[in-house]
Every structure is written in C-alpha cells, then in structure tokens.
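Consider the single chain below, provided in structure tokens and representing the form predicted alone.
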C-alpha cells in the first residue's frame, strides 16, 4: 500500500525525522491559510498523488508570496497530472502540500527496502540525490552505496557510519545522520514497510539535514495489525478494479492488454502472462484466485475481468491441487449463469478431478475451447483476440 508524501512526512515527524515546515490543503483558501503559517518565503506547492515525476508534469511550483501560493494551488488542485509513473491517463490532484523553502547546499538519496536476496533490510544511499535512482543505477552504479541489515539483530552504529562515510558526510553531520537513519529503520520495522525513501535528503547551508521529499510503501499483508496505516489508504489513487478485487481476497492487477487471465498461484499467473506474450497477444490483467478459491470467488473474478472493456477473450489456467478441477468447473458454469460472459474462453486444467471438471465444462454449453498444455492455451487465446 502507498500513501501520500504529506502522510509519509507525518510519520517522519512522529519518529523525529526533520521535515520542512508546511501543511496540506484541499482548496486555494486553505492553501492561503497554510502559507500564512510558514514564516517566510519562498515556498513549494506540491501536488499530492501516488506517483513520482510531479515536478516535470507541472505538479510542483515555487511561490514567492501568499498570492502566488493561492494562484499555484488554483492551478494544481483539480488538474489531471501526467507523469512517467501515472501513464498517459494521468491522475487527478485533490490536494497540495505547501512547504517553506530551504537553502540547499547538497542533495542526497536515502532509502530502506526489503531485500529478498539477503533476506534483510537494505539501506541504499547516493550522493546523486534528486535524480531517478534507476538512472543512477544504470549510468553510474558506483555512486550507489548498499548496506544490508539483519532484521534479527537490527541496525548498529557501524551500519550508519558506513553509509555516512560512503556519502562523504562531514564529521559534524555524522551524528545527526546516524540518528536519522536509526529512526528511519525503526519506522520501517515498526510500521511493516516495504520501502522508505527520501529523495532528496538535503543538507542545508546551515549544515542541517532535512527530508525534502518522502515516500513510504507498506506490506499489504501486514495491514491487519497496522490500523493507523490502513486508515491512510486513499482508494481514489488506486485502480478501481484492484480495489474491487481486494474486497474478495483476489490478487488482481489491471494491465493494458486484451486477454483476461484467471489462474491459481502467483508464479503460474506470471508464466501464463509470459505465454500470452510469446503467442503474440497482451495480458489484460493478473488475477490469482488462490489455492482455496470458492465458486463465489471465481464468479467475482469473472465479473471483475469482464468489467474491463478491453478484454476480448479469457484464459483460465488452473492446477487442481487445493482447488479441485471440478470445483473450478462448477464455479465457471455458475459464474456464466450470473454474469454475462460475452467473450470466448480458453480453459486449461490439470490435477485433482480433472476429468470430472472437463466433463462439466463440456456439457455446460459455454463458448469455450479446451487446451492440452500451456503453449496450446496461449496460442488459442492469441488467435481469438486477433480474429
């Protein structure tokens, strides 16, 4: 789960991580009220959406007085902001963050993330702050510092010193930097984060550290114990079909293709999407109904897939282990009765009660094709969407 920059900074403040003075506003009038509390200018007016690259899209503007804050707020609130992360459709802006400007001497990059390779928490830092870290990694990987922390033992001062020395920080800043990094680590663990990022982390001309930007992602599977975090969820920032699927414990991600997919198992779903692309078509979604799917879940999965008007055909690929093939077949037939499945289906199933499942589908009267293996399924569904 993602949250807005202003929400991330609220959490930063709780953990003693320095942030600029500022506040959030949903109207030009409230933006003016925030500006009057800053104690000076210039100030930044920043669109609040779940995407990076806001400045390049016109979502971040500098104001030199209260009147300019109001004017920028009028321009940004309500705009449809398009960045490299929103895609061409863009994202509507409903609020802005207004912050007092800083006298910046240097910009750095700092983040913590879950690292599957080391089964630890990876600290990443770079002197190339303010830039896309992907670009830095691709063009100048030597500028990226990586320090792995074992979550069983936690962060130690030597971890902080290693990062600080790698960034070339002056001796006078190492102590405050270590406090900040330790607090970020504590926030990461306490709140079940998957990513905490500051880009840029700035050193001011007064030799102070400040998080000029903030980004936090959380582990969705831990939200049941993170009630305060869960309340920060902004459903307007998420794909409506993704939100609908989450109500039924379906793992769904909306994509841009024309082939709808229903699969049990995330790894199998990835293999199916690869197969579709190899056959010359494009997947319209990632949908994992899970090993314990019920007929109701399958029906809801169909309904969500079919609500995507781009879908021209659906590929069902099920391994009957926990989810028996006859249960799946009954779910498909029941779904067909309760929803208008007006696109052709390709079904490939193997496993427990597969013959019974195939019999149920064959006698259902549905517009479907059966496939012998995954390659056959991909080729058949690709032919259907190309027709």
Partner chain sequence: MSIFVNADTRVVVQGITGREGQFHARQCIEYGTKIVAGSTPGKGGQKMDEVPVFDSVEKAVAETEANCSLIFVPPPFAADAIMEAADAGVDLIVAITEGIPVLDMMRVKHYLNTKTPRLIGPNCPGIITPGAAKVGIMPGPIHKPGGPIGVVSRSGTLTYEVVYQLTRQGIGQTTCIGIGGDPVNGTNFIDCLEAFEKDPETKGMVMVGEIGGSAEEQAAEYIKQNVSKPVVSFIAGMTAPPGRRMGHAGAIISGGAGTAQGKVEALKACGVHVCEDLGRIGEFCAKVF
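Predicted model, so just to flag it, every value in this text is computed and none were measured. By rigid core we mean the largest C-alpha set that fits within 1.5 Å across both forms. Residue numbers count along the first chain shown, from 1.
The following text describes the form predicted together with the partner chain, which does not appear among the structures shown.
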Legend entry - Interface stretch in the model of the complex with the partner chain - options 271-279, 92-100, 167-175, 72-80, non-hydrogen atom within 4.5 Å: 271-279
Inset, instruction - Look at the candidate spot formed by 26, 58 and 86 and say whether the partner chain comes within 4.5 Å of a heavy atom in all three of them in the model of the complex. - result: no
Inset, instruction - State yes or no: in the model of the complex, is some non-hydrogen atom of residue 151 no more than 4.5 angstroms from a non-hydrogen atom of the partner chain? - result: yes
Legend entry - in the model of the complex, residue 199 touching the partner chain (heavy atom, 4.5 Å): no
Inset, instruction - Answer yes if any heavy atom of residue 242 is within 4.5 Å of a heavy atom of the partner chain in the model of the complex; otherwise answer no. - result: yes
Inset, instruction - Flag residue 192 as yes or no: does it have a non-hydrogen atom within 4.5 angstroms of any non-hydrogen atom of the partner chain in the model of the complex? - result: yes
Inset, instruction - With the partner chain left out of view, choose which of 111, 204, 183, 251 has a non-hydrogen atom within 4.5 angstroms of it in the model of the complex. - result: 251
Legend entry - Heavy atom within 4.5 Å of the partner chain in the model of the complex - the one residue of 134, 228, 296, 236 that qualifies: 134
Legend entry - Within 337-353, the residues that have a heavy atom no more than 4.5 Å from the partner chain in the model of the complex: 348, 350
Inset, instruction - Verify the C-alpha shift of residue 379 between the shown form and the other one: is it 2 Å or more after superposing the core? - result: yes
Legend entry - Displaced residue check between the shown form and the other one: residue 350, CA, 2 Å or over, core reference: yes
Legend entry - Core-superposed comparison between the shown form and the other one, residue 272 Cα displacement 2 Å or beyond: yes
